[in-house]
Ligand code: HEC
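Next comes just one chain, in structure tokens: the form predicted on its own.
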């Protein structure tokens, strides 16, 4: 009988000691959220000027496609090298363009929650060994050149999309719609 009681007590104590948080969990999550949003904003700030410059030079979006295809992933990699060793930032979407940005199951779950809530506020998700801070991205007007209605899109832009991303899923958006997220992963 004593042995039967020891196991449940040991399990309860083990459960109590597995989670360690400095301060209150709310304060910790707010700090994680602030760090994650700052890192997501940093990635956006690294990529956006390249795209905006190419769209300014060629409003059709064709040169923007080339710039994005050639620069977005290298800029993301370079940005990640500048982050602390506990952090990594990436982009993903339900309707992704680059297969390297394909979402995992947790990403899909979170993005569907964001869409259902119609709230584009950042979301913090606790994983086993890390936190993920999801910063939603609404579709902005300049992005419509490459992500809008494929039927009305510039012919050269459509051709560039097919050239660089033959399995593209990232068209058909309207301004203000949910486009995707920047995810900041921060180790515990």
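Numbering follows the first chain given and starts at 1. The shown structure was predicted, so the numbers you read here are calculated from the model rather than taken from an experiment.
Just so it is clear, the following notes concern the form predicted together with this ligand, a form of the same protein that is not shown.
- No residue of the trio 36, 114 and 120 has any heavy atom within 4.5 Å of this ligand in the predicted bound form.
- Shown alone here, residue 68 lies within 4.5 Å of this ligand in the predicted bound form, counting heavy atoms only.
- Among heavy atoms of residue 142, some come within 4.5 Å of this ligand in the predicted bound form.
- By the criterion of a heavy atom within 4.5 Å, residue 73 is counted among the residues contacting this ligand in the predicted bound form.
- Proximity of residue 42 to this ligand in the predicted bound form falls outside the 4.5 Å heavy atom cutoff.
- Of the residues in 142-175, those that come within 4.5 Å of this ligand in the predicted bound form through at least one heavy atom are, in sequence order, 142, 143, 146, 147, 165, 170.
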